[in-house]
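To begin, one chain is listed below as structure tokens, in the form predicted on its own.
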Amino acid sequence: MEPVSFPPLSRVAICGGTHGNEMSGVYIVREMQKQKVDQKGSVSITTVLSNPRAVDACIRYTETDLNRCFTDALLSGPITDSTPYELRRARELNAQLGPKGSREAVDLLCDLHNTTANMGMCLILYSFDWISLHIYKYIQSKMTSPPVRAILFDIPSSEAYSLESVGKHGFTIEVGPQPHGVLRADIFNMAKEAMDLSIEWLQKFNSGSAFEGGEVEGYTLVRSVDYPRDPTTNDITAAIHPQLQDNDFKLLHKGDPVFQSFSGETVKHEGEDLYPLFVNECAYYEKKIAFHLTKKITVTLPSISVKAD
């Protein structure tokens, strides 16, 4: 592949509390604000508590999921007296850090999240963006325990619904397992290390370092799986099977157990071999998702460097 160059990436936003009960990002942002961390070398840093009302109440959101409010349609639609707080807050964040798709948007937006699933350290990217993928490759090379993985959603920018899509480049750092409303030092440290390495990469990039191309692995969504449900009441009738619980990223074969009914019966995986993610994520019960099923893919990256003046 031909080498690619980009302008300097000097303006970065670090966001936490997009979901108000995911505590690693909340406390990383609060500590950076306390220490007045707003510049590291060539990188200016804006820190944001994305959903302050939800953070104060230690809940995921107050009216609607803020991390689903950043599509072009939602950001440009009418505002009325009944518009949810989170959608209003999304407009404020878009004005502060964007506008989305504009030259004024921050160069990189890093949004810090936690999951109750046993996902370890993950980056979630909503486009196959060379900058974000090179940062992922760099973090992966520096963090050896736990494994660093990427979830890749190839979604047009106009339809990308999460906060990091407001930046010119961006990704979510997703770390778990951590219960909602709980702060674990090991999970906090992983999230902070990944964030610090992202800023370190930007400083190297801006100083003229070239980054060699190569291959990275990622996981792409095939489908989501709901819990078995009672056809009359719609209540769930089974839990994640013990052999699947905590086994995110472990290849699921046809016939492997996925659910255990409350009457003791086993429900088995049907179809092709796939990788389960977000297994038994607490926040996804309301979305009727027990886990996602994904394929592993390989992405070839070009060498990249900063554009000469």
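Just count from 1 along the sequence shown to find any residue number. On a predicted model such as this, the values are computed, not experimentally measured, just so you know.
The same protein also has a form predicted in complex with a further copy of the same chain, omitted here; what follows describes it.
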a further copy of the same chain in the predicted bound form: contacting segment from 174 to 182, 144 to 152, 215 to 223, 119 to 127, heavy atom within 4.5 Å: 174 to 182
In the predicted bound form, the residue from Q203, T237, T83, Q96 that sits within 4.5 Å of a further copy of the same chain by heavy atoms: T237
Contact test in the predicted bound form: D246 vs a further copy of the same chain, heavy atoms, 4.5 Å: yes
Touches a further copy of the same chain in the predicted bound form: T47 (any heavy atom, 4.5 Å): no
Any non-hydrogen atom of E92 within 4.5 angstroms of a further copy of the same chain in the predicted bound form: no
Close approach of D230 to a further copy of the same chain in the predicted bound form, 4.5 Å, heavy atom: yes
a further copy of the same chain in the predicted bound form - contacting residues of 244 to 275, heavy atom within 4.5 Å: Q245, D246, Q260, F262, S263
